[in-house]
Ligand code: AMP
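Below you will find one chain, with nothing else, as structure tokens; this is the form predicted alone, and questions on how it binds or moves follow later.
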């Protein structure tokens, strides 16, 4: 098979790394890819949100399967574009329809979906300029801290958690007035859930599903979970507190009702479901849905899957996932993310990266890298994910931290406490 992976991050590198091991693979393409994916297949310079350019690449390279990495093309309707184009409709594509992608594209839509299908989640109210006073009243009716979420996509930065009621009201108004652009013209106010976060991942063909390994990621820039939110500073899989009993509750109360909901609501969904959860005294509650794999969670989830990933993705596209089972490595996978100095605020690019050849025992997944004068350089805020596998979490972390120190670029930053809260 000829496979095209859309995207340029660590998630896409990890997916490509696994797919490159498949006996079913003929050629592998990334659009646009990065300096790491360059060694697995061919990088093609295009914007995944330009569907006509994607179409031409698919036809020119005789692509059999397209895997959509990031959320934006899904929310904009790339799957619908394929299904309604006479030249593309026979080509497999991994991802939900535009309606399905609204689960990530609109938090209001996602909350209504959960409410309709009795999926446990926090109480909420959706607020826009027309019911702002109702929003103020709702804030007064719930306990601090106050959770404000931009309804639309805000690059992972549209969630505010505020302790002071007056500040929460002020921020609510400022969000509706455009703090996060169009994404926050509607704001979802949620009751605060006090527990431990984790993420569960599912691959579904719309009727059958496989539960992939769960993971816990670390969003804050600073050690001890302080500072600004980022796209993720590291991840661990499996999650020690997510025991068999807890995961069975997730399956019964959340995963099955979600897949059943797709069918009830006529949502065409062939792809990954990322379920962000809160564990509250052993009870699972949904924080959010994403309609693709997470990053950096992919960098610990995918290495633990022992199946031929291309084989199960092909079955997903064909609607035959019920014929497949999943094999998972019981060992721990840990990833540590190396980021640019200044991230998640402004940072410099084109810093030369060295030390790759001196790393042993880890998979090095590129997230924000490129080439300049034949040198690998930084191109993004999150630059490299260092993933290691071992029987014990501590041992995997030691290897990741050792290699995180070996890889060098100017103003490199990383958290040295990934996983410490789980020990």
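Residue numbers count along the first chain shown, from 1. Computed from a predicted structure; not experimentally measured.
One more form of this protein exists, namely the form predicted together with ligand AMP; it is left out here, but the text below deals with it.
Visitor: Go through 85, 268, 197, 265 and name the one with a heavy atom inside 4.5 Å of ligand AMP in the predicted complex.
Guide: The option sitting close enough to the partner is 197.
Visitor: Which one of 183, 75, 321, 278 is close to ligand AMP in the predicted complex, taking close to mean a heavy atom within 4.5 Å?
Guide: Exactly one listed residue reaches within 4.5 Å, namely 278.
Visitor: I have 125, 138 and 187 flagged as a candidate spot, so tell me whether each of them has a non-hydrogen atom within 4.5 Å of ligand AMP in the predicted complex.
Guide: No: none of 125, 138 and 187 comes within 4.5 Å of ligand AMP in the predicted complex.
Visitor: Hey, of 189 to 197, 171 to 179, 306 to 314, 241 to 249, which bit sits against ligand AMP in the predicted complex at 4.5 Å between non-hydrogen atoms?
Guide: Of the stretches listed, the one contacting the partner is 189 to 197.
Visitor: Would you classify residue 221 as touching ligand AMP in the predicted complex, given a 4.5 Å non-hydrogen atom cut-off?
Guide: It does not: once ligand AMP is placed as it appears in the predicted complex, residue 221 has no heavy atom within 4.5 Å of it.
Visitor: At 4.5 Å between heavy atoms, is residue 287 in contact with ligand AMP in the predicted complex?
Guide: Yes - in the predicted complex, heavy atoms of residue 287 and ligand AMP come within 4.5 Å of each other.
Visitor: Quick check on residue 161: any heavy atom within 4.5 Å of ligand AMP in the predicted complex?
Guide: Yes, contact at 4.5 Å.
Visitor: Is residue 147 part of the interface with ligand AMP in the predicted complex - any heavy atom within 4.5 Å?
Guide: Yes, residue 147 sits close enough to ligand AMP in the predicted complex that at least one of its heavy atoms falls within 4.5 Å.
Visitor: Quick one: which residues from 105 to 120 get a non-hydrogen atom within 4.5 Å of ligand AMP in the predicted complex?
Guide: The stretch 105 to 120, when checked against ligand AMP in the predicted complex, contributes only 107 at the 4.5 Å heavy-atom cut-off.
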